[in-house]
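In the block that follows, a single chain appears as structure tokens, in the form predicted alone.
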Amino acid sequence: MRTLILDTAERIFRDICDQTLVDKAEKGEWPAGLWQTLEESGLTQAAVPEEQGGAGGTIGDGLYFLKASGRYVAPLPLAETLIAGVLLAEAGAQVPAGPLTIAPVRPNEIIEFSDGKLSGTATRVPFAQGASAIVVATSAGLAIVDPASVTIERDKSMAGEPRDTVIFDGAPATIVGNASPDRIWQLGALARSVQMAGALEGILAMSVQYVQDRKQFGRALSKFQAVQQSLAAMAGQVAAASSAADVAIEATEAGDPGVSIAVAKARVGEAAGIAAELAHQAHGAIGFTHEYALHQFTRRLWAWRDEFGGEPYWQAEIGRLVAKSGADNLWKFASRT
């Protein structure tokens, strides 16, 4: 089933998700055709059981689909819809159709639930303005909220993706199950790691193609040793990032992510900074122009890198987990990751 999901996703993204579509989305135009095609194919809820409104796949299927979306920087709330669907499925609730989002997505933001209503504010909520429902981890459990019942203040990330402030004060809500903000934080870090790993594979492919096509002094750029060395360094970073993301996917699917999500977010974030710099060096001046698609990838890498905790946060978390396990368990801890 996974092969079918990934082959279908790759074909849809290749046919529909081009540079022009991403440009229009960054200007505020909802890519309705791409969303409809993905939803009708069952890909937006690939990780949700069929009896709860999904395609009947696993969370691993959904995350590998998300990685494929990263290779095309698909401008849709696919990560947020995946997380919302997983949380609702775990709670035993029916998953609504349409694009979903999640809240809160930043630490120390608490949404209180009392007498059937919510209070509190969540900032930098992805795609709240276009969501059909907001899945909220409140003080009393998981709730589904109608976006029409809250106040949404629009904003964007550096990648041009919606990152809104949602004011829940007085919004009616019903608790459908248990889920904490920490669960959203963990799944969010995993999802961004996977998306970045996909985007890194995308910029490596772009860079290799560019240096093969572009000629300088009568030779393709790929023939210059310095360029080859730069691309080799980039490929190493992309391979390490992709491996870290895949390990986290497999561990999560097995039900025991351990420290793998922390390692993935820290390692993929580090690779994003290095590989983006190398990609722009390989492309030269054209890589900085709006007409060329590289900026769509690198701006998302920089934005996603900071969301759900950057490298310092997750490296410190790894350190805390190592210290907690004790010196005698260091080898066991490291080899398990």
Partner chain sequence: MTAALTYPPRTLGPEQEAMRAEVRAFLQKDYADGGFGRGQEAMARYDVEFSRRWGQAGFIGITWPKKYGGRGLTFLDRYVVTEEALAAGAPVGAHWVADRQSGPLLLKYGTEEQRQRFLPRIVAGEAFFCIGMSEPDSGSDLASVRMSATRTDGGWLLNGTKLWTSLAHICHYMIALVRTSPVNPENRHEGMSQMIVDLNAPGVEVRPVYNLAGEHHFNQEVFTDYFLPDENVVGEIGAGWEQVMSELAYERSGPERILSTFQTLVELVRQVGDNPSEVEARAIGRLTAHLMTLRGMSVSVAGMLADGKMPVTEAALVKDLGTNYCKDVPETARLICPPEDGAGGNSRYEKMLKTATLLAPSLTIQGGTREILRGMIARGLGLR
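Keep in mind that what you see is a predicted model, and the values were worked out from it rather than measured. Numbering follows the first chain given and starts at 1. In this text, rigid core is short for the largest set of C-alphas that superpose within 1.5 Å between two forms.
From this point on, the text means the form predicted in complex with the partner chain, which you will not see here.
A.B. asks: Q212, A235 and I318: each with a heavy atom within 4.5 Å of the partner chain in the model of the complex?
C.D. replies: Looking in the model of the complex, the three residues Q212, A235 and I318 all sit within 4.5 Å of the partner chain (heavy atoms).
A.B. asks: Taking heavy atoms and a 4.5 Å cut-off, does D23 contact the partner chain in the model of the complex?
C.D. replies: Result no; D23 lies far from the partner chain in the model of the complex.
A.B. asks: Should D328 be counted as a contact of the partner chain in the model of the complex, where contact means heavy atoms within 4.5 Å?
C.D. replies: D328 belongs to the contact set for the partner chain.
A.B. asks: Is it the case that E201, even though its partner is missing from this view, gets within 4.5 Å of the partner chain in the model of the complex, heavy atoms only?
C.D. replies: Looking in the model of the complex, residue contacts with the partner chain include E201, since a heavy atom lies within 4.5 Å.
A.B. asks: So, in the model of the complex, is E250 in contact with the partner chain at a 4.5 angstroms heavy atom limit?
C.D. replies: Close contact exists here: in the model of the complex, E250 approaches the partner chain to within 4.5 Å, heavy atoms only.
A.B. asks: Within 4.5 Å, heavy atoms only, which of L187, V86, A143, A244 is in contact with the partner chain in the model of the complex?
C.D. replies: That would be A244.
A.B. asks: Counting non-hydrogen atoms within 4.5 angstroms of the partner chain in the model of the complex, say which of A205, I167, I110, I175 makes the cut.
C.D. replies: None of the others qualify; the residue that does is A205.
A.B. asks: Using a 4.5 Å heavy atom cut-off, which stretch among 222-230, 130-138, 112-120, 97-105 contacts the partner chain in the model of the complex?
C.D. replies: The contacting stretch here is 222-230.
A.B. asks: If you apply a 4.5 angstroms heavy atom cut-off, which residues in 80-95 are near the partner chain in the model of the complex?
C.D. replies: Contacts from 80-95: none.
A.B. asks: So that I can tell if D15 moves, could you say whether its C-alpha shifts by at least 2 Å between this form and the one not shown after the core superposition?
C.D. replies: Superposed on the core, D15 moves its C-alpha less than 2 Å between this form and the one not shown.
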